[in-house]
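Next comes just one chain, in structure tokens: the form predicted on its own.
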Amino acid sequence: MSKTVKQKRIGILTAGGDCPGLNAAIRGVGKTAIVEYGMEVLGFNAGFLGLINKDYIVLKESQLSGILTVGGTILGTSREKPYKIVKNDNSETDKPEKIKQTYKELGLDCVVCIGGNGTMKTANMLAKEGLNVIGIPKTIDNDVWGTDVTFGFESAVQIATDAIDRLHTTANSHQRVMIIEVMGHHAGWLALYAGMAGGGDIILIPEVPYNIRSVCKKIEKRYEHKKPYSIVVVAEGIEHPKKGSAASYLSEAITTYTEIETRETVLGYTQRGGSPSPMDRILATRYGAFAAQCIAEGCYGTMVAMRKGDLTTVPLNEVGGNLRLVEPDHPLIIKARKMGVSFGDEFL
């Protein structure tokens, strides 16, 4: 007599900031889990809040159709950090216990946590509590440790590059310095890739210390060589002495030191919205399908990752708390320097 195999029940949540490709990842996990492995799939609303408050929906295959190209997340998201203790907060703070209670009461076999660094850190802590957890890395910053690429990044590069392309014509028409600020608090991947793809003359990233005088000298030399405009691409996280945006500081400083007309553009949340690029749809789908496979094989406490073009897993305890940053000698930076692109450190 054949032994009856218990149907697995899994949960999916999206946490942290939104980015293109979240619905593609949900679809990849859900459809593969249902169609290939016969699992039951629950979707938790608003990130970890859904687990804390037992707020969920049952996801059927029909509900996962038509969401591949849609931006945002059908499950909603939040920046809830269950393990964060807020000082002077007298409210109940035993959120991890509530999550474990929800997990047990719903009879979950695994929770798939789709998110960035903070999400992976929380996922690892839940794994230490004894929950079966698998992470899927997403962020436009591309700074999750352990994987070569996160979904959302390629879409953001495309959006930022399109903006830079448009600023070239305005800069040339008015013979101005145009500064475009992209996201990236600690990592400069987006600024580096969009800056290169968009033909930026100066690219400033957090990992490479810059000097404002060096930036100004580069711009002045371009004008001396009959290059009447300059494009400066800057990551929001570069160090600067002002309270405002990095772009605002640079605009003011360049105008003061060079007396060349300068304008700034801060892309902001436009980089995180809208439909994912084809490559991000594919990457998010591959990550999601592979996560479902990992659940079927019992490979818990891991994050799915891409390494040299191949799907693999990385232990969550190696991911949480680490950042994947741009190395100052990254091949793309070296190539850029040989083409005359400045990183604001030539005259230090």
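Each residue number is its position in the shown sequence, starting from 1. Being a predicted model, the structure only gives us computed values, none of them experimental.
This next part talks about the form predicted in complex with a small molecule, which is not shown.
Between the options P137, G184, G152, G200, the residue in contact with the small molecule in the predicted bound form by a heavy atom within 4.5 angstroms is G184. Using a 4.5 angstroms threshold between heavy atoms, E80 stays clear of the small molecule in the predicted bound form. The closest non-hydrogen atom of E236 lies within 4.5 Å of the small molecule in the predicted bound form.
At a distance threshold of 4.5 angstroms between non-hydrogen atoms, K218 is out of contact with the small molecule in the predicted bound form. Stretch-level contact analysis of 97-105, 128-136, 267-275, 207-215 against the small molecule in the predicted bound form, using heavy atoms and a 4.5 Å limit, identifies 267-275.
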